[in-house]
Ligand code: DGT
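Coming up is one lone chain in structure tokens, specifically the form predicted alone.
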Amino acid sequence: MNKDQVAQILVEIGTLLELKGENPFKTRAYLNVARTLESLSEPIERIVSENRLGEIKGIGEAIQKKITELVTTGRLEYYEELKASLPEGLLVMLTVPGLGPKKVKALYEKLGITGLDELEMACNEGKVAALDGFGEKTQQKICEGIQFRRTYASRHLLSDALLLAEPILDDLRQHPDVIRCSTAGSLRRFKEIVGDVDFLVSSKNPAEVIEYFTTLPGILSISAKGDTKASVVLEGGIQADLRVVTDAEFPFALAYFTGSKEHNIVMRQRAIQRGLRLNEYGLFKSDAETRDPALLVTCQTEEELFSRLDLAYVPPELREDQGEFLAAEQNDLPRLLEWTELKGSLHNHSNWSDGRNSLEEIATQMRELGCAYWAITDHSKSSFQANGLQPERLLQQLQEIASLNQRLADEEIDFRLLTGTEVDILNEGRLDFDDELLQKLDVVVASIHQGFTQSEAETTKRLIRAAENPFVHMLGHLTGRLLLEREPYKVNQHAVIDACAETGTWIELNGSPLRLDMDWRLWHYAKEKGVKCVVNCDAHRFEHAGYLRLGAGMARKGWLTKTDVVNTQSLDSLRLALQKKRGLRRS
């Protein structure tokens, strides 16, 4: 097991202990050690093999033994026994928004509730509201949370699907009977939430490919297995489907199974208008549905298929029937952003607030990744739950970053940390720091972290007022959504975009897989209004640098190009852009 897997189990142990009513100091110890493991800069396997766990502050002898057992054997008897001592449904109840271990424990002990169905019934009968510490409002929120969970029960984050799909795709590419292969469906279109994972392969020996696919690592069970199709369940409960076609069929099948449904309808209509028929098997010279190979219009690639229908090639991300056909007819599709064009991220956290890594560690890691800059925007003081910085600490951080940047300059290293803050937007749009402090910073991200229940008008007013502050460069995660976990707060996004257009304020595309906010559907409008995008990681540890790729994929889906995205600029150009809103120029 790697450090993240071990940390995840330690967190779950802490949760299980809390459900059992154990000493809070004991439960907190597991959570603290989990955070410590996540911040390690070297593999946990090496530390365990060299017997150095005891050198890490905060890891006592008992937890050392448990970590060692997990790393060396891949399992932990204590954890398995602990899980078996409680009803499985209690952990499922914890997935309902608004339910934490204390409330689940109370529901179990006082009402004997062990699952979602029982919980919903108790809510409908008013039993939950009658409990001390709950009430009508909490009961209603639990009902809404249960419905929310059921609505998205079979949906999965794009990041989770990619993590599982890409190794399988690599394995398929290695098989000698595979000619061509690709993902398809919503995953290939880079939708932020997917229902399942689709694979498409061309081969002369489909039976061999099907057999190989169903025995790959990461496949938990086989749902169906035929001559040219197979369905399996991957880790995390994600369904994956494989279709095997001939190589002549591959371009047509790839276009068809990539979708979207709305895009495919227009493609078929265009074929009919030209006296052709398009389906998953090919493009045919026919006035009726057919699979007759004698009537096939040969296309070696998707690009050729689009050309046959008098269209420029439409990238998969844009296939949503939202303007791509008119642009493709006029050969006016944009050259979409490539994630490798991003020079750094302007919204990130360090261990000064709720991040895991030090300033020096971040600088070392990000320059090794090839970035030109990386902004440190730790939380402001009102985000006490995230160890937000008081003004005095922020000023101290500025000094440390200046000292670190000077060392980099002395060593002629072409990388810089930028100073900054993710400042809370408080009620009525006031900011958590005053303008005198904000103007000392390179980068200011303004975000809402509380007051989610305000009306649409109130929230919209808050964001617009923040955008009007000359020291705010960008608005962060515009709707506050957490995909599959929390609905966005109510806000008139078009009105906020209009305000940003008037003030020159940028809007963040937050690359965190739970956020991917502002939504890709709004970027077309923002681009028309001249609002610039910043693709940010909102990184809290090294691994989150990979969110640049996710954010770039969403930017592509929003039709954005290199020139639409601020952090594709060089450091010198970025510095000028950062000063532009303030009406200043650095010498």
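Whichever C-alpha set is largest while still superposing within 1.5 Å between the two forms counts as the rigid core. So that there is no doubt, residue numbering starts at 1 and follows the sequence shown. Everything numeric in this text was worked out from a predicted model, so none of it was measured.
The same protein also exists as the form predicted in complex with the named molecule; that form is not shown, yet it is the one meant from here on.
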Next on the checklist: Among the candidate stretches 289 to 297, 346 to 354, 194 to 202, 491 to 499, which one is within 4.5 Å of the named molecule in the predicted complex when only heavy atoms are counted?
Outcome noted: 194 to 202
Item to check | Contacting member of R150, R75, K102, K261, with respect to the named molecule in the predicted complex [4.5 Å, heavy atom] | outcome: K261
Checklist entry - Heavy atom within 4.5 Å of the named molecule in the predicted complex: which of S186, S182, T460, Q139? => result S186
Checklist entry - in the predicted complex, does R268 have a heavy atom within 4.5 Å of the named molecule? => result yes
Next on the checklist: Is F257 near the named molecule? Define near as a heavy atom within 4.5 Å, in the predicted complex.
Outcome noted: yes
Item to check | Stretch 1 to 40: residues contacting the named molecule in the predicted complex, 4.5 Å heavy atom cut-off | outcome: N2
Item to check | D519: Cα shift of 2 Å or greater between the shown form and the other one (core-aligned) | outcome: no
Item to check | Rigid core superposed: E543 CA moves 2 Å or more between the shown form and the other one | outcome: no
